[in-house]
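Just one chain is shown here, as structure tokens, and it is the form predicted on its own.
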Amino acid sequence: MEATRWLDEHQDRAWRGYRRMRRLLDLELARELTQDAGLSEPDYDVLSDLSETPQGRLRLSELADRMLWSRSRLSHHLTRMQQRGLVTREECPDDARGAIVVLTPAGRDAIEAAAPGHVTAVRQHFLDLLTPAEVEALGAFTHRVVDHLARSRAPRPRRGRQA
């Protein structure tokens, strides 16, 4: 077994700082989104993803994948959003078990009203605190980490018994 490679002082400071920043930033953005627009972060994510599609529609399974949620968890959340008139669900024409999530006019109004304040908060609490070079570096390393994690999450072939 390989020996543990502990973090050095600089790595530990960076790692702990990142974790604390992420928690505080997520809390502040969520608080402002709820206070200013009456939306939760998952509400915003659903509405934002739907609003960025040409027809305001996505398969439930694709939306769940984008959000890194289970279909069941997303389905429960969508039920609450449906009750508020933000989205509807339709049967999938090519898959009887599938569903299409559709952005309603009220949902479009909600995301259009929330987006300017949310972008302002993202800028105020994060992006405007960085230099252009730091933003460029952030984009590069976040994509590298996301690509690495996506590869590690990819389904791996199962090893069968050998005769």
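Start at 1 and count along the sequence shown; that's the residue number. The structure presented is a predicted model; accordingly, all values stated were derived computationally and were not measured.
This protein has a second form, the form predicted in complex with the DNA, left out of what is shown; the following refers to that one.
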{"item": "108, 59, 66, 125 - the one with a heavy atom within 4.5 Å of the DNA in the predicted bound form", "value": "59"}
{"item": "Contact of residue 95 with the DNA in the predicted bound form (heavy atom, 4.5 Å)", "value": "yes"}
{"item": "Heavy atom of residue 99 within 4.5 Å of the DNA in the predicted bound form", "value": "yes"}
{"item": "Residue contact check: residue 75 to the DNA in the predicted bound form, 4.5 Å heavy atom", "value": "yes"}
{"item": "One stretch from 66-74, 130-138, 46-54, 113-121 that, in the predicted bound form, holds residues within 4.5 Å of the DNA by heavy atom", "value": "66-74"}
